[in-house]
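Next comes just one chain, in structure tokens: the form predicted on its own.
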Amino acid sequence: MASRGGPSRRVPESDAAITYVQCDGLAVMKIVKHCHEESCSNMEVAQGALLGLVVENRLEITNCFPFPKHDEAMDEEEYQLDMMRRLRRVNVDHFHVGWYQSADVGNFLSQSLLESQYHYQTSIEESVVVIYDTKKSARGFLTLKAYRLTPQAIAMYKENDYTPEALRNLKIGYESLFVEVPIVIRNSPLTNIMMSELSEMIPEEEGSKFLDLGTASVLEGQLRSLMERVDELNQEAIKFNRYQQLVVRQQQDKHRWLLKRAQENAARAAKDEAPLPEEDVNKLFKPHPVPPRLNPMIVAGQINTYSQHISQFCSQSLAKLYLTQALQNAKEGKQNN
């Protein structure tokens, strides 16, 4: 995955307050092309670098290039530096401002993505990760979103402690791992004119398929993915419950041992004998390792994402069904008259 942090380039804290992302149409087309090529050829996750600059409170993405396929003979960091040097020679924005990745129905949240964005954001303060949803975009809904890690998530990775106590102290959950940054697509005036002319050239019957009712396969795929994540979260819950049972059993054993030792010392004191030597209880009863809670938190975030997509998709499908039923009833009424 994209564990590349790019060349280290710190910016002042005031410059890092990004309120929105402005992405050029050229960069968007490159991202779309790369992600769909990877999705159609080998179903791998497409990743690449974003180039641009920071202007006041906005991050401008003006260009991008894909990361190379996994090749042991190629140095990925050297490849990125070489690409940026070549772009600089032709007077193209070459500052590294983040990276992009393809996703499947919004399912982008993963441990590798968190780790990659942490490395980016700690080395390039203003960097973002742009997520492009290939499947949703293929159905006609361009889905391009930009995210940044929250301060709590960065603090969690710095401490490298994913125990329940640490996460509770940081007040962090799956809903507070990322913050979404609004993204705006910018085109030149000539491009806007050309798009307006092309839209007028499209026949009406080819641009009005708004009542497509073939939703069963899409909904089935989303529900299957949701079931897999629920099963995974259930397995994580079983592991944590088993850990809690072991801790309770160990506490009971420790309490019984201390009570027995106190009774033995009381009996020896009654016989004017020296008490038994003190022993370290923690050495006798070694604490069980706490299972990390990062993966369950990520799975819970994935379940929340799938649930939101299914809810939105079902609402749209239900509206289409009611609208189609009304049109069908109106058509039948006309025929009867």
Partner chain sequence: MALNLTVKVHPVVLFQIVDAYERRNADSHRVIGTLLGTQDKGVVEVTNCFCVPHKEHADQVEAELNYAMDVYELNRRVNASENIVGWWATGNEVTNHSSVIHEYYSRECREPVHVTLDTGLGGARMGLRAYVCVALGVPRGKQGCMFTPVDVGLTHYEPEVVGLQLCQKTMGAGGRARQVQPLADLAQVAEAAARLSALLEQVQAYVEDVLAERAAPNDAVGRQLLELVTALPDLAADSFADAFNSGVKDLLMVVTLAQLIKTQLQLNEKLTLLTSQ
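Numbering follows the first chain given and starts at 1. Small disclaimer: the values here were computed from a predicted structure and weren't measured.
Omitted from view is the form predicted in complex with the partner chain, to which the following refers.
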- prompt: Does every residue of K136, P182 and S315 put a non-hydrogen atom within 4.5 angstroms of the partner chain in the predicted bound form?
  reply: yes
- request: Find out whether any non-hydrogen atom of R268 is located within 4.5 angstroms of the partner chain in the predicted bound form, and reply yes or no.
  value: no
message: So, E228 and the partner chain: in the predicted bound form, are they within 4.5 Å at any heavy atom pair?
response: no
field: Touches the partner chain in the predicted bound form: V92 (any heavy atom, 4.5 Å)
entry: yes
query: Using heavy atoms and a 4.5 Å limit, would one call V55 a contact residue for the partner chain in the predicted bound form?
result: no
query: Among 148-156, 116-124, 256-264, 173-181, which stretch has residues whose heavy atoms lie within 4.5 Å of the partner chain in the predicted bound form?
result: 173-181
- request: May I ask you to list the residues of 136-150 that have any heavy atom within 4.5 angstroms of the partner chain in the predicted bound form, in sequence order?
  value: K136, S137, A138, G140, F141, L142, L144
